[in-house]
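Next up is one chain by itself, shown in structure tokens, the form predicted on its own.
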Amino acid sequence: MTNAVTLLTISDGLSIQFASDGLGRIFLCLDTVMWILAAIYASKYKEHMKKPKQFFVFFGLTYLMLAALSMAANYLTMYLCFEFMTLLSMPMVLNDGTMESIAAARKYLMYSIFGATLGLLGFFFSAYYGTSAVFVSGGVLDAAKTAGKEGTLLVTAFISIVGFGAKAGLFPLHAWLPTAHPVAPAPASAVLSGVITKAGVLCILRIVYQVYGAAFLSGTWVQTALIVLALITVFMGSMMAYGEDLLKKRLAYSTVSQVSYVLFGVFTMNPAAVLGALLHVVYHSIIKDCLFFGAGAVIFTNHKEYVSQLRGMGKKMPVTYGCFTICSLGLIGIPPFAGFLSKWYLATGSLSEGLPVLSWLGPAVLLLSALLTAGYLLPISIQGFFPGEGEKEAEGKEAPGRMLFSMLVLAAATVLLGIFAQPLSDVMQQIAGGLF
């Protein structure tokens, strides 16, 4: 990064700095758009909240900290913004004030702080062995200082990446997601899944490509171990979602799986795979926000939370279910919807990398996960619109206009960004190439 602005100098080598680069701008734009749509949706959903004023205060503060995280110019600034973002987003989880929401918020906080503490380890080593106080594409490690210390640095890199992976739902620090999402208000669930998990992805991208460098990590046991963890998470999340009846929890397990699609591309350290990862950051955010908005609309309007209660609901909520179906097709990866192109680049990038076993195992796991995704999403739409003769249909009505507006925008984006993908793909390709 160049032209970094120093907000506060703590001591030599320790400062709070902000700067703008392509990677940060993409995340900032994504955060902003998703937050605006979530705010519009929440302006009506607040009637279903216990403490709406408290929700909107922390909703706004969390966005400000995510914006700061996107513009963080060095490791220390990134870490501090990440921690504050966790603390400010936690009250959204416990908004209902029930024992279940308090327990979920506590779990979210514990996992996030523990993960960030592991991530802090990388700061000490990168500060000592680095040549730059700010993030640099290709990494900041000093070749002279690191000579003979490669083993130690690989261990610290692995621990740091897994630590920040907690926010992204990477196994084994994923358990907070299916606990926090079902108890949080639907707008909070949407941004937790679609946006806040991507804060972990951003930190991992910075560490892999702008602290340690892909050249240092590529081909090592760290890369192999991280890819294995990502693939385990992809498969495990899909399997757990497939067997879950609580709708928001099913979507939460889906997030565990889908965000690790992104991490798989990041860890493959191949330009095509990284392009796929960056595209999936955007596509998953759009799609998963819409899916959670749909789930929230069913809860808000018809007070139904379980998939088994939704038979025939598509006839009562055709717009909501139409948006839900479009985004489900995108998440599965069916062309021409958004989601197909990102998974295409992830698969082709993995195959071209030539990693033993993993180069073909990765695409195989992604394909299996796509089939499972179809298995846990499409039946919701099919049974919603075609409940079957003699089946008892659920009673219900369509969601309010403000909630439908956000869903319609995201569903339209799922279609348009799939059909007219080239402009976004060109931008992402430039950013991905600049990381190496």
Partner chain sequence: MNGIGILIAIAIPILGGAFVPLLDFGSRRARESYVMAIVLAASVYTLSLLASGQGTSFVLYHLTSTIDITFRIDRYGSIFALLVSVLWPLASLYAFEYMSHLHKKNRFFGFYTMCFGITLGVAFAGNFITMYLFYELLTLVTVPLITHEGTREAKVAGVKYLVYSIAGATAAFIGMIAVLSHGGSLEFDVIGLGSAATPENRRLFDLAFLFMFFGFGVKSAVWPLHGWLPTAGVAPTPVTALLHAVAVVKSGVFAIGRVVYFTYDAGYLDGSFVQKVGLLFSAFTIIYGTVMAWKEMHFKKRLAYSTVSNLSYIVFAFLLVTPSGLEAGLLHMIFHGVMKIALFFVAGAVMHQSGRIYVTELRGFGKAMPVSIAVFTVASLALTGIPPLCGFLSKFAIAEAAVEESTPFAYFGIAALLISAIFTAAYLLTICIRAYFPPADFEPWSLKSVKEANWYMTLPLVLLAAAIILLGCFPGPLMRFIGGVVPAAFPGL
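Positions refer to the first chain, counted from 1. Only a predicted model underlies this, so the values are computations on that prediction, with no experimental measurement involved.
The protein also exists as the form predicted together with the partner chain; that form is not presented, and the subsequent description refers to it.
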Within 4.5 Å, heavy atoms only: does residue 5 come near the partner chain in the predicted bound form? no
Even though the partner chain is not shown here, does residue 175 get within 4.5 Å of it in the predicted bound form, heavy atoms only? no
Would you please decide whether residue 125 lies within 4.5 angstroms of the partner chain in the predicted bound form, comparing each non-hydrogen atom pair? yes
May I ask you to check whether residue 48 falls inside a 4.5 Å heavy atom distance of the partner chain in the predicted bound form? no
Tell me which of 422 to 430, 19 to 27, 408 to 416, 6 to 14 has residues with heavy atoms within 4.5 angstroms of the partner chain in the predicted bound form? 6 to 14
Interface check vs the partner chain in the predicted bound form: of 138, 271, 312, 91, the one with a heavy atom inside 4.5 Å is 91
Heavy atom within 4.5 Å of the partner chain in the predicted bound form, from candidates 352, 131, 117, 308, belongs to 117
Using a 4.5 Å cut-off on heavy atoms, what residues in 42 to 66 are near the partner chain in the predicted bound form? 51, 54, 58
